[in-house]
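The form predicted on its own is given below as one chain in structure tokens.
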């Protein structure tokens, strides 16, 4: 028996009014760059770019604090919890070019833990905005500190910035590292333990 193959259908949900406004602006930009927006390869580019930009900045519609509060549990664990190598994709607010890399997040519970998947979700909620890496690092830290009131929070982000690699100084191998700490992680011993855990690969 041969089953009928249905045609491919892609379902997307975007604000129609915002999409149209952004697409109109992208059309003008493309034309001002000297391109013919009516040629085949560019006819749908303004709309595609409008939708892409909405996706890349969808963090504005998310509440990171509520993400954490949705999965908090009472637990007596008082040792360090580390979620490392979290993929980060964000948008430099200075040149509107991507920066990407990894985030390493740790906290020491003070009676409350959070579902592990919520940590990467918080990273995404802040990253999917117009950002600078320094602020992104602090926002993740502050959000976890406010929601859980742990004994300490540590956040380290390592990222490559397209505004440094494909324009400007054009240093393709440069990596920017930012860090932010609260509480117990401000002590040298605890901080070193965290750095050791995120630096080493467990066998």
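Residue numbers count along the first chain shown, from 1. Given the structure is predicted, the values throughout are model-derived calculations rather than measurements.
Heads up, the form predicted together with a small molecule isn't pictured, but that's what we're talking about next.
- Looking at the partner-bound form in the predicted complex, is residue 164 within 4.5 Å of the small molecule by any heavy atom? Residue-level check for residue 164: yes, a contact with the small molecule.
- Can you check whether residue 134 is within 4.5 Å of the small molecule in the predicted complex, heavy atom basis? Heavy-atom contact with the small molecule at 4.5 Å: present for residue 134.
- Query: Is there a non-hydrogen atom of residue 92 within 4.5 angstroms of a non-hydrogen atom of the small molecule in the predicted complex?
  - Reply: Judged by the heavy-atom cut-off of 4.5 Å, residue 92 is in contact with the small molecule in the predicted complex.
- At the 4.5 Å heavy atom threshold, is residue 168 in contact with the small molecule in the predicted complex? Within the cut-off, so yes.
- Query: Which single stretch, out of 45-53, 61-69, 155-163, 139-147, brings residue heavy atoms within 4.5 Å of the small molecule in the predicted complex?
  - Reply: Only one stretch qualifies here: 155-163.
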